[in-house]
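Next comes just one chain, in structure tokens: the form predicted on its own.
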């Protein structure tokens, strides 16, 4: 009952968001929705089917270009009304997914991953030379046309169009997990040999799961194309495939909404932090490593832990606050060290150094810091030590509480 209430509350919040968000934040929300759908499509293959694809950007990019060409058809009038154009993204993703899935699912494990990576890299290498399809380095531009009484010229209309497609797509993906093929997908992950022994055509089942995942990845690409009204071959870069893997595992592939949560959070993180520091990709990597080490079930694992615990809500909240405080204090120390090192190692600062003279002060967080002074580094190290101490203390108390009740 509680998950249904949370989903309903989230839907109400999403519908109401254009009422209190600025246009720039609304554009960020559109990107978060698209990233959430892309990660959920990826999770059908990796999280549920146990097939880790390193080249899923291929179906995402194909979906984007298929939608753009559908938008440009008939002198820009489009093959279908604007709200229906992501259908072509789904078709494009499904067709490429059928071809790629047929070859890649012949193997499993690391060999499957390497084949998907190779196919995506092949597409990335070919795309700049196929100018009639992918538009070369300039890409393919387009324009959203009015339809059904909407102009689709404002971020609010694009947001609602994206939200409708994402909600319907996630509902279909959730429904898929309840179908016999969805159940069979879990069997592919757990023990494909047993399924084969029971008489199932494992290769065909893997191809079908691959196509379903590629189809919804294509819809996500189509929504991106409609949002940006352009796309180029950079959509086939391996960076995008890496992002969807990282986002999915940060959110947690064991829960249906986990990858969507991770993708939305990390997309907003990139939007909010990329303008503040050049080290935001480093922070993204640190977050991934920290989550994998200390929260391997991802962010959604917190909700699972809360639901599965026998402790009272007040007790759980107290320990949650302890872990959150320790994490924030530790993060403050890490950010201080990274930002100070980034400025000290930058070329413009290195040109200021004179042999035999003290290093000049660095402006950071509203005051000057001497990188050569020991006291400058004591503050972040102290923050790091205090944060780790809080985390260890809270974890020890939690372990003692559980051990005491078990005894």
Partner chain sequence: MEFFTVSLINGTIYGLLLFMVSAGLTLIFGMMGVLNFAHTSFYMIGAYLAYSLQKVIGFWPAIIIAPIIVGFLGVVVERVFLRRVHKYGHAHELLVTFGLSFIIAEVIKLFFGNYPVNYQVPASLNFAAFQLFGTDYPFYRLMMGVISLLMFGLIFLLLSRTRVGIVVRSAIYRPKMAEALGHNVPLVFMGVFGVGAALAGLAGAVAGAFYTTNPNMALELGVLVFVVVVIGGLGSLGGAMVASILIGLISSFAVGIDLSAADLLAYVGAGDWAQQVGGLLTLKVSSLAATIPFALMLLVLLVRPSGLMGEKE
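Everything quoted here is computed from the prediction, not taken from an experiment. Residue numbers count along the first chain shown, from 1. What we label the rigid core is the largest C-alpha set whose atoms superpose within 1.5 Å from one form to the other.
Unshown form predicted in complex with its partner chain; subsequent notes refer to it.
**Q** To verify the annotation, which of these, 148, 175, 111, 74, has a non-hydrogen atom within 4.5 Å of its partner chain in the predicted bound form?
**A** Selected residue: 111.
**Q** Answer with one of 84, 122, 316, 167: the residue that has a non-hydrogen atom within 4.5 Å of its partner chain in the predicted bound form.
**A** None of the other options qualify; the answer is 122.
**Q** Within 4.5 angstroms, counting heavy atoms, which one of the listed stretches 307 to 315, 88 to 96, 218 to 226, 101 to 109 is next to its partner chain in the predicted bound form?
**A** So the stretch in question is 101 to 109.
**Q** Within a 4.5 Å heavy atom cut-off, is residue 181 in contact with its partner chain in the predicted bound form?
**A** Looking in the predicted bound form, residue contacts with its partner chain do not include residue 181, since no heavy atom lies within 4.5 Å.
**Q** Wondering, does residue 376 line up within 4.5 Å of its partner chain in the predicted bound form on heavy atoms?
**A** No, residue 376 sits far enough from its partner chain in the predicted bound form that none of its heavy atoms falls within 4.5 Å.
**Q** Wondering, does residue 268 line up within 4.5 Å of its partner chain in the predicted bound form on heavy atoms?
**A** No, residue 268 stays farther than 4.5 Å from its partner chain in the predicted bound form.
**Q** Looking in the predicted bound form, any heavy atom of residue 129 within 4.5 Å of its partner chain?
**A** Yes, contact at 4.5 Å.
**Q** Please state whether all three residues 52, 118 and 249 have a non-hydrogen atom within 4.5 angstroms of its partner chain in the predicted bound form.
**A** The answer is yes: all three residues contact the partner (heavy atom, 4.5 Å cut-off).
**Q** Can you list, in sequence order, the residues from 275 to 308 that come within 4.5 Å of its partner chain in the predicted bound form, counting heavy atoms only?
**A** In sequence order, 279, 281, 282, 284, 285, 286, 288, 289, 292, 293, 294, 296 come within 4.5 Å of the partner.
**Q** Would the C-alpha of residue 399 be classed as shifted by 2 Å or more between the shown form and the other one after rigid-core alignment?
**A** After core superposition, the C-alpha of residue 399 moves 2 Å or more between the shown form and the other one.
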